[in-house]
Each structure stands twice: as C-alpha cells, then as structure tokens.
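Two versions of one and the same chain are coming, encoded as structure tokens; call them structure 1 and structure 2.
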Structure 1
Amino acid sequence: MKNILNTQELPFCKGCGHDLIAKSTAAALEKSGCSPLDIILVTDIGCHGIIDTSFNTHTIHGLHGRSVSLGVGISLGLNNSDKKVIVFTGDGGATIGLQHIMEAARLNINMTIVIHNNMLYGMTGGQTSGLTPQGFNTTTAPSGNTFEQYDICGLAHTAGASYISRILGIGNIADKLAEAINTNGCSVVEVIELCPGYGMKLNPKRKLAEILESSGKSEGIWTNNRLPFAVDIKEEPTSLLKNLKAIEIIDKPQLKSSYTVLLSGSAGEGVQTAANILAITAVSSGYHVTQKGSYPVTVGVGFSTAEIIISPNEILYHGMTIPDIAIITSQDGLNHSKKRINLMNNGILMIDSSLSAPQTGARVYNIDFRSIGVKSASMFSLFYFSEISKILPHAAIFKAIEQHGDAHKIPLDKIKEIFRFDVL
C-alpha cells in the first residue's frame, strides 16, 4: 500500500504539535488499511494547512473557519462510508467556524474533525482564540487571557456527534486518532498542543497536562449512540453538465506544441469572459485547453488576470510562469503582470497604447484596445491575438461569442470595420 505521507520532513517549526498530528493521522489511516485515494483531507487557514502537499491523498484547502463545511459537503456528496473525510482545523478556525462544527455534530455527518488546539492564532501573530484557556498568555493577552474558553468537546457531545475525544499532543496518538477515524458518524478530536513560536515563549516552563488541568478540562472520550446521517436520494440527481452544449470542433490544430496566453486587465472589464471565449475558440479548433482566473478577493476592483494554455496534446496540469503571449489592456493588468513580462526573452507583448511597455525581450505591439469601449477592450484584443499569432481564426472567435451568448455586448460592427471581414 502506498504511504499516506510522501515525506517525513514536514513544513512545521521544530517542536510544533502539528507535526505529531500529521504523522499520527497518516499512521492511523495506514493502520486502518486506507488507500490514499479513498481519503479526502480538508485543511483550514492556519499553520496546519501548509501540510497539504505532504499528503498523497486528495486534499482541499478551505477558507478560514470553513473547512468543516467543505468536509460536510464532500461527505454528503460522496455518500460512501468507504471514503474517509478528514478535516484539519486549528483553534482559530474552530472559533470562526464553530457553527459548522456544531451542525456536523448535530447531523452526525460521516467525517472526522481534528482540531489542532495550540490555544492561539499561530499563523497571524499569537492572538487569543475562543479556545485559549483562562490565564494562558498570548500576544493580545500578555498577562493571561481573562475569559473562559469554549469547551469544544462538551459542545460537540451535546450537539450529538458519535465520538468526541480530547487528547494531549504527546507521544504516539495514532491509535487514538484511528479510533475516531473508524467511528461511523461525526467524530471530533481536540488535540492540545503548544505553538513553539508563541505559546512556549509566552508561557515558559508550562506543561500541557498542567495547562489542561488548570483550565478545568481533562482528557477523555465521550460518545453518543447514534446512526450517521443518511442521504435519502429519492430520485437520480440531474447532472449540471447535462444542459451544457457541446463545443463543435470545426478545425484541426495547427500547433505542434503547447502555447501559453496571459490576458490581464481591470476587474469588471470582461477579462475572464474574454478568456472563456478564447478557450472555447481553441477547443473548437481542435485543441486541449486549460483556463485559470486570478483576481482580488474583493470582486470588481483591481486587476483581473487569466491564463490560458492551448495545446494539441492532453494537458495534465495547469502551470504557466512565462507566457508565450501577454495581452495587457489596462494599468491594473500591467501592474499585476509586469514581473512576468520582464522575464519574457521572446514571444509577443500586446499592450494598450495608453500604457508604457515595461522592459521585456518580447516583440511589442502597441494597440488601442480601449478605443471601442473599456468594457470591450479584452474581447477586442482577441481579434488582434488572432491577427498577430495566426493560431485561431476570426471565424472561430465569432462562433464562440455566439455560443457564449455575448454577441449583444460587443460592438461587432466596429470590429468588422477595423479588420475588414464579415461578421458571421
């Protein structure tokens, strides 16, 4: 059987309890005879979350406090007790996502939640969390936390989880984790540990057992004799892909190797839509395509960047450092993509004429993309891409626009006039 971990050199500070939890979880899963491909590990924001690439399992990285809700969705979607859904979260994530833990326990979802309780927010500076014991020193409570912490195990037990345990992160805890993982229904394990970066420094000479005892809590196991949540499927669900129209292949690929395109402009100006049109066009021309979007969390402001890989061969993963062609339609896009443009030793840079081209080894084309309207600049750039690169024909772009349903948003008559071709 393949190992659950792909390395024993984990990315944690020396002495961090996260290392013990990760290795013990892997040992518990291996002892239980689990195949890596039958395990879905969901991690939260926090130091524990940097473990993702060290596991040979399926891994998903969630937003802060939302890992449990993702795990619930995965468990319900799989509806397969042979699959193991393991959620890692910290005491900070447990505080932020407390209601998600309570709902998973109340419904008794088939999953295991491992709470890495080092009693503070380790990644963001050692601040107090909802699971910080009274009297424990943090950067925001240097004289000791004055509030009682949540009893997360008590809450999960009252809510109805099948199995709850609180353990000290010392020694070999694999068997204790295996017991939780092999329980039907929701299991919650709170592992008490210390952060070497903040917890140990701010609470010198304190031991885990003493900290736990002084908080009025203890190690233990609590259970509820309940069946796990049953998914009652009364009718076969309809696939969301069913209503999608297949892209008609109208041409044969001309490229012999992959070609990478960077499209970058401002949020709200249709960059991602233009990238989608480009991807559809490439598929209709017989290519394999990947598309990746990047933009700030606050949607509608700042940059919007899209990466497209076009290849005559199957693309096994998306990865692009230096593009073959960069299309820049605004200052926001230039600011976000400037470093990659600087690294281009050849290739093509198409940049709006209102902008100054940065230092680059690419062949530069200054084009007034925004002349037919700011909202259409990115879409307009596709026709210049077709004209200059000779990779995709204009006709295929028009067909993709029609299929996407965006023809009414684009001044096609102006484009026809500029390029002197018929709009199909």
Structure 2
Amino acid sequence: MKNILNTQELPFCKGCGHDLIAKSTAAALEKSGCSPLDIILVTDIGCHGIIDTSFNTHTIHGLHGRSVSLGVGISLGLNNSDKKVIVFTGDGGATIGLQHIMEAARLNINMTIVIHNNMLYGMTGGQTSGLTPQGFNTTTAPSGNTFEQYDICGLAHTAGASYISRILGIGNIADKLAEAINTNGCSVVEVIELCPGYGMKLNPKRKLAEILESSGKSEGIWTNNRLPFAVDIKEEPTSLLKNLKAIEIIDKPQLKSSYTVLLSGSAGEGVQTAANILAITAVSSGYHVTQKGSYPVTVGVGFSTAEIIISPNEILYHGMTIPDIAIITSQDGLNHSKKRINLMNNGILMIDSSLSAPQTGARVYNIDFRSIGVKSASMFSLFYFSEISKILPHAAIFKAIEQHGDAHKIPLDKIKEIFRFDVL
C-alpha cells in the first residue's frame, strides 16, 4: 500500500510541532488501515496549510478559518461513506472559524479536526490569537497576552462532538490521533505546540507542559455518546408543479382593458389572503392577473398592501401608480396608501367607516369592514368590491375561497347573512 506521506522532509521550520502532527497523523491513518485515496485532507491557511503537497491523499486547500466548514461540506457529500475527512487548522483558523467548529460538533459531522495550537499566528508575524493563553508573549503582546483564551475543547464538548482531546505535541501522539480518527462522528484534537519562529523566541525557557498548566488547562479526553449526522436524502421528491390547483375558467372577461385594485390594511388582517382570493377569482373569470404584495419587514405589525392587476390581455409591467379602486380596511393601510389615494382623479375609494377619507377625486364609499372581525375585514371587503364594481361576481369569489383552502378561517355564514347571498 502507498504511504500516506510522499516525503519525510516536511516544509516546516526546524523544531516546529507541525512536523510531528503531520507525521503522527500519517502514522495514525496507516495504523488504522487507510489507504491514501480513502482520505480527504482539508487544510486551512497558516503554516500547517502547506503540508497538503506532502500527502498522497486527496487534498483540498481552502480559505483562512473555513477549512472545518469546507470539510463539513465534503463529509455531507460523502454522507458517512468509509472515507476519512481530516481537517488541519491552526489556532488562528480555529479563532476565525470558531462557529464552524461549533457547527461541526453540534451536528456531529463524521470528520476529524486537528487544531495545531501554537498559541499565535505564525505565518503573519506572531500575533495573538483567540487560543493564546493569558501571559503568553506574542509580537503584539510582548509583555504577555492580557486576554483569556477560548477553551476550544470545552466548547466542542458542550456543542456535542463525539470525541475531544487535548494533547501536548511531544513524543508519540500517533495513537492519540488514531483514537480520534477512528471515532464515529465528529472528533476534535487540540495539539499544543510552540512556534520556533516566534513562540520559542518570545517565551524563552518556557515549556509546553508548564504553559498549559499555568493557563489552567490540562491534557484530557472528553466524549459524547452520539451518532454521527446522516444526510436525509429524498429519494423521489415531488415536482413543485405537480400538486398545484389548476384554476378552472368559468366566465368570459367583461373588461376591455386592465383594471387595478389596491387592497391596503394591517398585517394579520388577511390582506394578502384576500388579495390571493381576488386574484384566483379574476383568473377564473378569464382574466390575466398579477398579485404583488408590499409590507414592512416585520410580519405581524404595520401595513399590509396588495396590488392586483386584472386584465383581458397579457400583463407585462405589474406595477401600479394610481389604482382604479382602493380598498382601505385600517389606519395602517390608509397611512401607507394615502399619497396614492390623493392622486386618484376618478375611480373608487372604499374605506372603513372608522377612518376619515383623505382628499381624493375618487368616489368614496364608507363601509364598516371591520364589524365582521378585524381578521376578516379584508376578505369581507371583497364582497363589497364585487357589489360596487360589478367586475367579479360573488359566486366566483366563493368558488375561489373554496379553492384557496382557507374557507374555514372566513366567517362565510355571517357574510352570506349580511349580503343575503343564495349561493353555495
């Protein structure tokens, strides 16, 4: 079987812990019976990231801090095949990509994350990272780092990874890495090491074990008894066009040109549903229709406005400056549409009787839309629209309500009583 590494001369500074991690990872994989093409090595940005060329495995070298997330994507794509996804990242990458590690742990993605923690950013000049211990000297904190470090193992354990270990990057660490690699689920290994370029020079005479101890941490193994994440694959998803309710045309269009309707009320009062029912009614009456909604970003408060264009011809532009009819069911709706109502030189304004009609050239009808209950005010207005405009018959509205599937939410009996309808 081909070796995992293609060279023993690795591209690291003399004395760098990355050398031990790379060789130990290779030894662990070989010990686990993996051949190079069983392995996908994902590397981050940082000194450790240049190791990929020394591996005979599949390799992918991505962005700073994103290698864990990229590895998650690969693992999801492979979906628990017998492949090993190994992610190498540094303490810098773990800092910038902390959320990605938490997500991999939370989902318990089948992969191994090896954090090369040399306690500073080695490639960019020895700056402090989120995993630099308090008191440790870096080029940007020459008198000692004043910040607390992240407990990356504690975080990964809390987030739910199957296996987490913290080890000193000294001596034989292959077996410890093999344990992580052979875990079913997400394993995270934090290897503590020193950067010969900066860490050793700036912290002379300090030893790894002492640094770890003085930071209040220790070597250890932590586990969660969880199954790895498995992608739920829909074998035969249904076409989005398959179960659409086709609209039966029951009438011929009476209008010769397009007619524009503005429905304006408050969120939560059924404006968009009423607009949809009106649109279905118009389609069934043989028209081309567009339905455009407008509302603030909050779903449950403020205005809710719908613009419906009904036309015997194909509709291209579906915007509406001045409507032919404006139906206002609440103060929010009035506030939002006042300017357009002012601009109406003719047409119809139907406005709830609790509101004062603004200045307009439209013919004004004051109607107590809200008496039916505020949640049905907008729906209720459609029947007055039908009565006053004569464009769409009541019967077609009832049929559209049936088709829409929200009939149970609409007080149809009350509406029929008020209008003395003899339909359905």
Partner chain sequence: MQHKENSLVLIDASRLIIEGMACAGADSFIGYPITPANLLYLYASKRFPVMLPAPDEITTLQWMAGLSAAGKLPITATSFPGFALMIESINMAFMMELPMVIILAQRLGPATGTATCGAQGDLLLLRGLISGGHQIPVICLSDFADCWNLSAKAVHIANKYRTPVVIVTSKEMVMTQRSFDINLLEEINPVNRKFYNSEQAYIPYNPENNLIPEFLPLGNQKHQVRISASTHDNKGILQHTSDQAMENTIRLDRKIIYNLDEFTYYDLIEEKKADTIIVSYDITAASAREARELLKKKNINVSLLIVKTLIPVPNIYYEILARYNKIIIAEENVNGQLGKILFGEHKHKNIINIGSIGKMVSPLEIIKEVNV
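Numbers follow structure 1, counted from its first residue as 1. Bear in mind the structure is a predicted one, so any value in this text is a computation, not a measurement. Rigid core (definition): largest C-alpha set, two forms, superposition within 1.5 Å.
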Margin query: Just to confirm, one of these is the form predicted in complex with the partner chain and one is not; which one is it?
Written below: 2
Note to self: So, superposing on the core, is the move of F380 at the CA at least 2 angstroms between structure 1 and structure 2?
What the structure shows: yes
Next item on the list: Tell me, please, whether between structure 1 and structure 2 the C-alpha of T360 is shifted by 2 Å or more, with the rigid core used for superposition.
Entry: yes
Check: If we fit on the core, is the Cα of E210 displaced 2 Å or more between structure 1 and structure 2?
Finding: no
Next item on the list: Let me know the CA shift of E307 between structure 1 and structure 2 in Å, rounded to one decimal, core fitted.
Entry: 51.0
